[in-house]
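Read the single chain below, which is given as structure tokens and is the form predicted on its own.
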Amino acid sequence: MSNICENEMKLEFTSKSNNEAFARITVAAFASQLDPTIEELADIKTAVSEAVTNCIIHAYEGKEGIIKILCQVFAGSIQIEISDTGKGIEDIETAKQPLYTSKPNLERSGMGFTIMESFMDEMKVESIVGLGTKVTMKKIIKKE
């Protein structure tokens, strides 16, 4: 697989919950140039949904902020970087545990990172408390 970026898309939007669907559909439309299967596209949409929802609920905690998405297409794969300038995550390893949620009162499942990891081929979380969080995910698109 080539490490040369063949195409790139940047998206920036306000952390409103109705923008989650917009982000998911836009990334899916961009990913479609790789001719993914319906299932691969659904995986990408689900992972993007979870990452954006995390930014909306956790990063900005009811205040509005900016969510940025950077998508890069490589030969046979797509890399999606979703970042915020919110409060950050104190303990990434704890946050990545299945069923862990910092918002039990909102009936959050605590499965966001687990879902992202299971639907994507690679996932990395970087965060600095007070500065924000960046989730980088990669999906390999298998050609038949």
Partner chain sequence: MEWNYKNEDKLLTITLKEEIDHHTVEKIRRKIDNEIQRYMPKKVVFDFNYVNFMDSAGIGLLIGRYKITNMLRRNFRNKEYNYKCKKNIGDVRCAKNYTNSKREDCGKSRRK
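All values reported here derive from a predicted model rather than from experimental measurement. Positions refer to the first chain, counted from 1.
One more form of this protein, predicted together with the partner chain, exists but is not displayed; see below.
For the three residues Gln79, Ile92 and Thr133, a heavy atom within 4.5 Å of the partner chain turns up in the predicted complex in no case. Although the partner is absent from this view, Ile56 contacts the partner chain in the predicted complex, with a non-hydrogen atom inside 4.5 angstroms. Of the heavy atoms in Ser17, some are within 4.5 Å of the partner chain in the predicted complex. Although the partner is absent here, Thr85 is not a contact residue: none of its heavy atoms lies within 4.5 angstroms of the partner chain in the predicted complex. The partner chain is not shown here, but in the predicted complex it comes within 4.5 Å of a heavy atom of Ser49.
Scanning 126-140 for heavy atoms within 4.5 Å of the partner chain in the predicted complex gives just one residue, Lys139.
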